[in-house]
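The same protein chain appears twice below, in two forms, each given on its own as structure tokens and labelled structure 1 and structure 2.
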Structure 1
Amino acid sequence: MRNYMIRRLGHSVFIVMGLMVLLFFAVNVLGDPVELLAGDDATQEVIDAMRTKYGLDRPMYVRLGDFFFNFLTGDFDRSIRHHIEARTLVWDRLPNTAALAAVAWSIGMLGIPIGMLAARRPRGMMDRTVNILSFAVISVPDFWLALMLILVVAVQFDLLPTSGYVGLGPDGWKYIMLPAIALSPRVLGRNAQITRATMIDELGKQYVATARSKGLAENTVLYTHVLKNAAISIVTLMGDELAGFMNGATITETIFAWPGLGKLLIDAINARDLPVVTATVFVVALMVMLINLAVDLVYTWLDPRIAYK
């Protein structure tokens, strides 16, 4: 197990480094970053001065070497827009995205018991209802649902604020609920579908018939044996959805003015704030890597037969 985790960490480091290389060339080869910063109306003298100021007049290989040296030391330079360290800005926004992801993910986990109810009687009324509703909620676009929630819940009924942020304290729940609800239907529907499908598949296996022949109660068979064997697929999906939230719910955060990584990235791209873009991409990649490692650890707890060598 230890050797496997070391290899996984090594692979993850190479993946992150490769991602940063792609980002560097995307910024420096596919376009001139100075022209992005200066704008269309800048004179050649201004462009040359900015190129010298930001060290972009040096050869590409020198800039790549400096980029990786700064990357390995955790220095992403100062934000061009906010005039503070880019890494500080990103780490300050990370808890906001993590909190939003945790609430939306928790709501989405309600799909697991819903899928379990559907699997109890395949092709029954509950199963058909769950199938229809899960496909329906998965098909709802996040941005449309976010706008409808603002219009109905916040404007028409004045139950929750339309947008904003007052911190993650006791009063913050009012501002986090609408964006979390807007993000959760897709996760809820997918959890219900995968739980239903995997449990129905497990119900057709021999060990279920053996458990029933021994006189075990149906709830014991379903929730102790079948659910545990079906949990690998469910945990995989849950990890994937959580990693997707940590990528930054860009559109939802922008609509609700939630100061998370997604909104920070969009604002940085619009402001041509390249240090913040680089720092945000790195932190998101790091979070996704850690979530995937955690999912691998959960596999061994769910099924002791899984052995990493």
Structure 2
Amino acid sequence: MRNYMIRRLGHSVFIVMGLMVLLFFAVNVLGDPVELLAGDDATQEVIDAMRTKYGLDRPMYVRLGDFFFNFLTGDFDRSIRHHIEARTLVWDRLPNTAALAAVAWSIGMLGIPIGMLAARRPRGMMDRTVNILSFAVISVPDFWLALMLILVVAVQFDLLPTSGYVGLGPDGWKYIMLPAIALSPRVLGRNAQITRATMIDELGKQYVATARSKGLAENTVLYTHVLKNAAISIVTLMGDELAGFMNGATITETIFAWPGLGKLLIDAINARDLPVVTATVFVVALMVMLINLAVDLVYTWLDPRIAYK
């Protein structure tokens, strides 16, 4: 177990390092940071001045070392647009995205009982319906769903505000509902699918036949035996989905003017604010890595065999 933990942590550290190399390569080799900052209509003098100012006239390996050192100390330079540390901006926005993801994730959890319901009779009417619906909800473009929600719920029926943000206090729930609903379908659908698939898979195994033949009630078989074994796949997916929220968050936050990391990223790209762009991508990837680490640890707790593989 200890060896496994050490190996797993080493793996995470490696991923962070790899990520930094990837980011450095993307910014400095694929593009030219000065051009990204200065825009298309900058004169040569401006470009040269900026190159010296940001230390971009130094050799590549010095800059790579610098880049590593700064990232490890959490220093992403100042935002070009807001003139404060990019780190501060990212940390301020992080709780908003986390709150949005948490609400959407809770809605997505409904997929688990739906998937279980479908698995009771494979290829029955319920199962077919759930199967098609689960694919329908993951095929909906999230920005379209967001606009439809605004059109119907906010404009037509005036139930919730169209967009905005009043903090995460007690009044905040009104503003978080629509973006969270717009963000949840993919998780909902995938939770239903994976629960259904693993449950059907588990139900075909011999221990289920044993449990049934000794006279256990069907519900006991389902909830105490099968669900426990199916939990491993479901937990993996949930970690995956938490990470995937960043995809949808970029869009829903932009549409609902929700001040989270996704909106920060889009605004930074539009303002050519390179430090904020790299800081956001890095911090999000770091979060994803931590979530995956947590999932792997929950895993070994659910199924101790994994640690010995």
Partner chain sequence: MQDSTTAIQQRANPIAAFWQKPLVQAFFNDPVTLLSGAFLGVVLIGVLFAPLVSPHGYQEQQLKLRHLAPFSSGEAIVKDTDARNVTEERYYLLGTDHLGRDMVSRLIHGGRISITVGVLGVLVSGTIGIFLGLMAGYYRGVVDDVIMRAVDVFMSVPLLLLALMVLFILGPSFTNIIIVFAVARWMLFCRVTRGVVMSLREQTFIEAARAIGCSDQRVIGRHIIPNLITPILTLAALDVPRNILTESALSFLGFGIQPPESSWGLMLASGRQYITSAWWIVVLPGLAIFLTALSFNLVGVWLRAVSDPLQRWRWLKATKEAKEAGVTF
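None of these values were measured; they are calculated from a predicted model. Throughout, rigid core stands for the largest set of C-alpha atoms superposing within 1.5 Å between the two forms. Each residue is numbered by where it sits in the sequence of structure 1, with counting from 1.
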* To do: Just flag whichever of structures 1 and 2 is the form predicted together with its partner chain.
  => 2
* Structure fact -> Picking from Val21, Gly239, Leu56, Asn70, the place where the chain hinges between its rigid parts between the two structures is Asn70
* Asked: After superposition on the rigid core, what is the displacement of the C-alpha atom of His11 between the two structures, in Å?
  -> 2.3
